[in-house]
Ligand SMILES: Cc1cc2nc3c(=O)[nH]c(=O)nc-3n(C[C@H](O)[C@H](O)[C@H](O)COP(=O)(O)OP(=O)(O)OC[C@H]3O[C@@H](n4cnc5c(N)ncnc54)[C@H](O)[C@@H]3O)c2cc1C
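Let's start with one chain on its own, the form predicted alone, as structure tokens.
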Amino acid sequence: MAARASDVVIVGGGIMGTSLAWELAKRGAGTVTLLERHTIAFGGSGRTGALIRRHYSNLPEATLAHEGWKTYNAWPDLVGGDPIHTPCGLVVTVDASPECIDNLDKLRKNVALQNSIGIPSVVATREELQGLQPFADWRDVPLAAYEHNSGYVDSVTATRSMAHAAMRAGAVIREHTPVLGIETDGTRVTGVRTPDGVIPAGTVIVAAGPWTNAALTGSGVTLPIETLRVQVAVLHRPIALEQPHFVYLDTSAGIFARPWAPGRTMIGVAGGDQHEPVDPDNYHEQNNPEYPQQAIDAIAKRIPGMKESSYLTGQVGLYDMSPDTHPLLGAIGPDGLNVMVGFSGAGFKKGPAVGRAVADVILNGSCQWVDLQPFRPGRFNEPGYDPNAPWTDTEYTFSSDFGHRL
């Protein structure tokens, strides 16, 4: 079976790889084979908070997030299966301290940008937020962005459902099949190497997150991707907080949080102490002993009643970090080789849209509905490219580290 040729091989069974497999298979791209080193959604896609936020300060990522939301929101009709999106409302706060006060004007401009492409975001005042969720403390938030129909999805259910849709469209999915390297004839891709042998293929797309560089062995390509370990905790809310809260991307309080299940909340804490470089094949997969109390203390800054919450469980995920925290999408190296990597902890929301965009490039040579040029994989080797430079003049100033930019 390993030697059976495929027109397209996709490496990685997360939301990026499965979305691309679905798009290519349903659009008649030939034989499409997806290879996953463990099981579908084993990696980052199975360990993400899956916050479906559309708030970005640059048009390409806002567009990808919005198009991703459209798929998640209409999942049964577009992909098939049960509904997976819970639109509980989502709030994005920004640091409004004196040294970051420009963030408020940037927030207004970024909401206008989002409105221009159909995202129904609004600028909410402190008083409006207090009316919407009176159990939260909004005293440090003069303004926030509020998306009433955004929320979260179950990431494992979504990824596996997308894999089933890809298989219904004709794609072949092989779990427990790691890719050990890329085969070329010196100028273009000829296949991928697995423990069972070489699978011949004329097009290869590597969407393997932290394992991308390992899969690229033999291609002559090494990408500047760093793997960071990121913790989250799941808390039991006290009975007084039975009502679910918004999804928070709360850069002011230094947290991201979402309802996890009835009576439970997932919380992640910003900060460099939670984002440590690791070997993706050898890292501690449980919360540090001090993290449960750290998470409770952090979310209690926004929801004081969460001081009475209890730690239930936790998990550790991996970010595939790029130097500028934006993804790398498209062709690089020998002809026929493409990558989808470097999402820096902010990829799941964009997955279905990235799959569609990259499929457009592979099948048609370009994508017409979103500008992918800023995400070109070779940009870090270009003279003068500064990975620390903001992409727009409305990019926020952070006082806490979320790994990625907005």
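Remember, predicted model here, so these are calculated numbers, not experimental data. A residue's number is simply how far along the shown sequence it sits, counting from 1.
Omitted here: the form predicted in complex with the ligand. The next part is about that form.
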Has each of L51, A207 and V230 got a heavy atom lying within 4.5 angstroms of the ligand in the model of the complex?
-> yes
Counting only heavy atoms and a 4.5 Å cutoff, which of 343 to 351, 356 to 364, 370 to 378, 24 to 32 contacts the ligand in the model of the complex?
-> 343 to 351
Does W75 reach the ligand in the model of the complex, with heavy atoms at most 4.5 Å apart?
-> no
Contact of G317 with the ligand in the model of the complex (heavy atom, 4.5 Å) | yes
Hey, in the model of the complex, is T177 touching the ligand, heavy atoms inside 4.5 Å?
-> yes
May I ask you to state whether G43 is within 4.5 Å of the ligand in the model of the complex, using heavy atom distances?
-> yes
Of Y146, W211, F246, W260, the only residue with a heavy atom within 4.5 Å of the ligand in the model of the complex is W211
Since the partner is left out here, which residues of 12 to 28 would have a heavy atom within 4.5 Å of the ligand in the model of the complex?
-> G12, G13, G14, I15, M16, G17
